[in-house]
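Here you get one chain, nothing else, as C-alpha cells; it is the form predicted alone.
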Amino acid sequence: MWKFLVRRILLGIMIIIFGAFITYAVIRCLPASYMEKMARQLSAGSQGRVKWQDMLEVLNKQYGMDGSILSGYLTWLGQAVRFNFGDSWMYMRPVTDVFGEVIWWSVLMNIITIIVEVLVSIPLGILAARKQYKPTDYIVTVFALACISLPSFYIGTVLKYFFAVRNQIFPLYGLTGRFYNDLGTWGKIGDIAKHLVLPVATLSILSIGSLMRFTRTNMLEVMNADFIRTARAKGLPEKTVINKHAFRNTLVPLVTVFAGLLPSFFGGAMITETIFQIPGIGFKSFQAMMQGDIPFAMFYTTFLTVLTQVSLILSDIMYAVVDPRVRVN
C-alpha cells in the first residue's frame, strides 16, 4: 500500500505540473489580455500622450509577461512551490485572501446539494431497481435521464423564470436581500437560505440523475447475486434483504462516486454561481478568467487539479477499506 501511495503521489505531482502549464499557456494565448485592457485605459487617461502599445510593453515587463510562455510558467511555478501565488490583477489583492473569503459560500452550497442528492437519488435508485421494468422504474429512469441531459444554464434559467420572475417566490439573484443589514440573526439566516434555494435546486437536479442511475445499475447487479437468492430462500423479509444485504454491497462502487465529489465540493459551480450571481469561488473565478487574470486563474485551476488527484487517491483507499477483498498490487 505504501509503495502504491508513493507512486500515485508522484504521478499526481507530474499531472499537476503539466496541467498547470497547459492552463498558463492557454491564458497567455488569449487574443485579449488584462494587460492590454489596462494599457488602453492608462493610455486613454493620459489623453493620448502615451500610446497604449508603449504602455503595454511597460506593463508586460513589470508583471513578467515579456518573456516566453515557458519562462513565465517557470517563474510562476518557482513562486507557487513556496505557496506564493501573487496578487490578483483584477481584485488588486493577494489571491489567497480573495479565495479564503468566497470559498465558504461554495462549500455551503455543495454541502446542502450533496445532502439533497443522497436523500433523493439513492432511495429512488433502490426503488427503481426493486420495480424493474414497471411504471415506477420507467418514471424514475426518465427523470434521471432528464436530469443528466439538461445543462445547468437551462435548468437555472427555467427555475428563475417560474419561481423568481413569474411567481416571485424566491429572489432572482444574489446572496442577500436589500434589507439584509436591518434584519436580526435569524432573519439574516433566513434571507440567505431563501436566496440559496434556486441555486441549490439547480445543482441538485444536475447531480441527482447520475447517482440515481448508478445506484439502480449496481442494485440490479447485486440483487441477481447468489447470496441474495440465499437470503430470500432463508425466508428473510424483503426489506432486510434489500437494505441490509443488497444495499451494503452497493456501497462499494458508490464510494468511488463520493470520493470524486471532492473537487466540486471546494471548486464551486462556475455556471450556476454566475447565473444566480452567488459570490462563491466559481463566480469569482469566472470573472477573473474573463479578464485574463493569470494569478487568480492559475491558483484556481491548480487548486482543482490538486483536489482531483487527492480524490482519486482517497477513492482507492476507501475502496480497499469498504471491500476487504480488494488488494493493491
Partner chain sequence: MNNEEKDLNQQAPQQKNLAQQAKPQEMALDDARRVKVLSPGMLVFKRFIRNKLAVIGIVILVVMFLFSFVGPLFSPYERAQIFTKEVEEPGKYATGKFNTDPLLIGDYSSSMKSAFLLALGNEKKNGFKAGQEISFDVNGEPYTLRIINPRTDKPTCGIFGTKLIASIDIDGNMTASTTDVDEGLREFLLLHYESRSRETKIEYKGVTITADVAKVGNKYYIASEEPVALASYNIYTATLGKVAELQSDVEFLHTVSAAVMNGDTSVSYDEKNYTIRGDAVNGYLLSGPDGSGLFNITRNNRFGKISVEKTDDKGNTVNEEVEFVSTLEDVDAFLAALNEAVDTEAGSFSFDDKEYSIEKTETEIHVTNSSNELVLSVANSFDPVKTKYDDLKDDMMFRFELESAIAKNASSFAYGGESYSIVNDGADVNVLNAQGDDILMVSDIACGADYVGIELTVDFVKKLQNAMRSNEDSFTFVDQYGEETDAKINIVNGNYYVSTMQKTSLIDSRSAPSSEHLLGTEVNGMDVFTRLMYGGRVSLIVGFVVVFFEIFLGVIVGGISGFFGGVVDTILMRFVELFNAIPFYPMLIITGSVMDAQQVDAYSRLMLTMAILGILGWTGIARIVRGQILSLREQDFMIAAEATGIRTSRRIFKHLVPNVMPLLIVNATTSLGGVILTEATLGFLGLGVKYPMASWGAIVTQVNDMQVMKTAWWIWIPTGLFIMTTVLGFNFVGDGLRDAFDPKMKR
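Only a predicted model underlies this, so the values are computations on that prediction, with no experimental measurement involved. Numbering follows the first chain given and starts at 1.
One more form of this protein should be noted, the form predicted together with the partner chain, which is absent from this view; the next part is about it.
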Tell me, yes or no, whether K160 is in contact with the partner chain in the model of the complex, where a contact means a heavy atom of each within 4.5 Å.
-> yes
For I278, is any heavy atom within 4.5 Å of the partner chain in the model of the complex, or not?
-> no
I69: touches the partner chain in the model of the complex, heavy atom cutoff 4.5 angstroms = no
Just to confirm, S311 within 4.5 Å of the partner chain in the model of the complex by heavy atoms?
-> no
Which one, L145, L119, I192, L251, lies within 4.5 Å of the partner chain in the model of the complex by heavy atoms?
-> L145
Picking from Q132, T230, Q79, T240, the single residue whose non-hydrogen atoms come within 4.5 angstroms of the partner chain in the model of the complex is Q132
Any idea which of 148-156, 85-93, 98-106, 180-188 reaches within 4.5 Å of the partner chain in the model of the complex, heavy atoms considered?
-> 148-156
Would the partner chain in the model of the complex be within 4.5 angstroms of a non-hydrogen atom of every residue among E36, Q41 and L175?
-> no
Output the sequence-ordered list of residues from 2-22 with at least one heavy atom within 4.5 Å of the partner chain in the model of the complex.
-> R8, L11, I15, F18, G19, I22
